[in-house]
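Below: one protein chain in two forms, given as structure tokens, structure 1 then structure 2.
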Structure 1
């Protein structure tokens, strides 16, 4: 009888665990993996692999338009996507054109140039291998305009240099002259607008990625209207995994999405553990009440 009371008391105490203890354990589940740089590798799903293979199978020298339709608030999810796309495109010898439908986009694309292109691809020449065209207002109206006349909207790069002086701008007249559009977004206008106003009417291959909260709105466009798609930080981590498998040298390089997924996975495991404990405690208490 004493043993039964002891067991019951233990479960009652567990069920009444102070929420501050739970918050502390979740905080530790996030902080410790960050401190020890715990990285988790997530195998790429089919929707991510399809986009990876589409970029991989483009002939060297293909023209890739990357749109930065997000800002600093969602950069933790979106920036790793941009990094993975850029690494892959430049590794394959593609030419990348950086633009933005958001006024905050150029800051993110410039960060990409400074931290990724100039550091990891010092042999790439501005104006020949990549160009920063910056932001233009107009939302989906801008996309419509670019579909018919690209050069009337973009007459200079972000620094104000005439684009006619850059070799990689030769042959660019409309959006149809690009081999693929990679749209990275976190709202309106963004990835969906690139599909609706460029991909569909112009028959241009479109892929990209958005924050996790926006992802459900984009999944219906795959696979007929989008080649593939990265949904949130997990999608970015999956693309990093695909890139790492294709190019082993990236195993030793910074993979921001994979590193950030480590604390996220650990925190989720802790939460699931508490859910299981809570349910078990409830069942034990109900069983006790039935006995008496």
Structure 2
């Protein structure tokens, strides 16, 4: 750092910028919009709209399996997806079944029940409109087991109550009895495994959401093997936008993804600036080297 400062040109000094300055700038790019409550809305893209329409076009009372295959590490991206899906499904009168392939998943689904279902849908009855089945070990092995016999692994709900006592479990024998699977994932096992081990062999419609890291990898599955999916926080914000258009009451309610898209946008702009400055200094350095 000291070497770079003595007798070097401005672009050399800029090129050797201390990484902690970069860290500070990115932190500020996130903190300032959060403090000033800068929010933004993003119109839904085709891939998100396709999934929205698939959920929308299901007849009321359809059985929707939502899998929570993530944990606190990616909750800022995945939890808004779960909220948007749940709101949509319950507005449409679908029955939702919450399970998890990740041990950290049930805490996220419990958070959803406490903060969204119980608050926004107090008339929905546990065991009739929604059920919390929790986590089972086995990754793709669990999906494989559920595909031929759902009760082989799930004999009780999360609280240990016999699932045969819940009205909404009537008619659920295998994964094929669900009208749609919404897999919210952040890695292995996740959305990809739901396509491979349930969607394709069982001919079950699969949709869902993944972290932005995973999203580009799933494009080969769309539209043949997946109805559509939400890619990261942006995808969740797009689904919220679609939900807002279909159900205007959500215009005034907390939209989790749209709220955090503000810092996302400013951070993107800062990183775009970094890329531009980084390349500018590189070009200047190259020109200087050619000169001498």
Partner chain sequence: MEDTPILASPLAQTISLWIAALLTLMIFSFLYKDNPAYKFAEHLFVGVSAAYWMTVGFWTTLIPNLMAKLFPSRMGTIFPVAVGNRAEYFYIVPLVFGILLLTRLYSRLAWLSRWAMAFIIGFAAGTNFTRYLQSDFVTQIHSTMIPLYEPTGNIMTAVGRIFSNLVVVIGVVCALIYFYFSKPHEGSFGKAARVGIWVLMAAFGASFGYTVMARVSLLTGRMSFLITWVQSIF
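The structure presented is a predicted model; accordingly, all values stated were derived computationally and were not measured. C-alpha atoms forming the largest set that superposes within 1.5 Å between two forms make up the rigid core. Residue numbers count along the first chain shown, from 1.
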(message) Structure 1 or structure 2: which matches the form predicted alone?
(response) 1
(message) I want to confirm the hinge position. Given the rigid-body rotation between the two structures, which of 222, 115, 204, 39 is it?
(response) 39
(message) How many degrees of rotation separate the smaller rigid part's two orientations between the two structures when the larger part is superposed on C-alpha atoms?
(response) 19
(message) So with the rigid core superposed, the C-alpha of residue 273 shifts by how many Å between the two structures?
(response) 5.2
(request) Could you check how much the CA of residue 30 shifts between the two structures after a rigid core fit, in angstrom? (result) 2.9
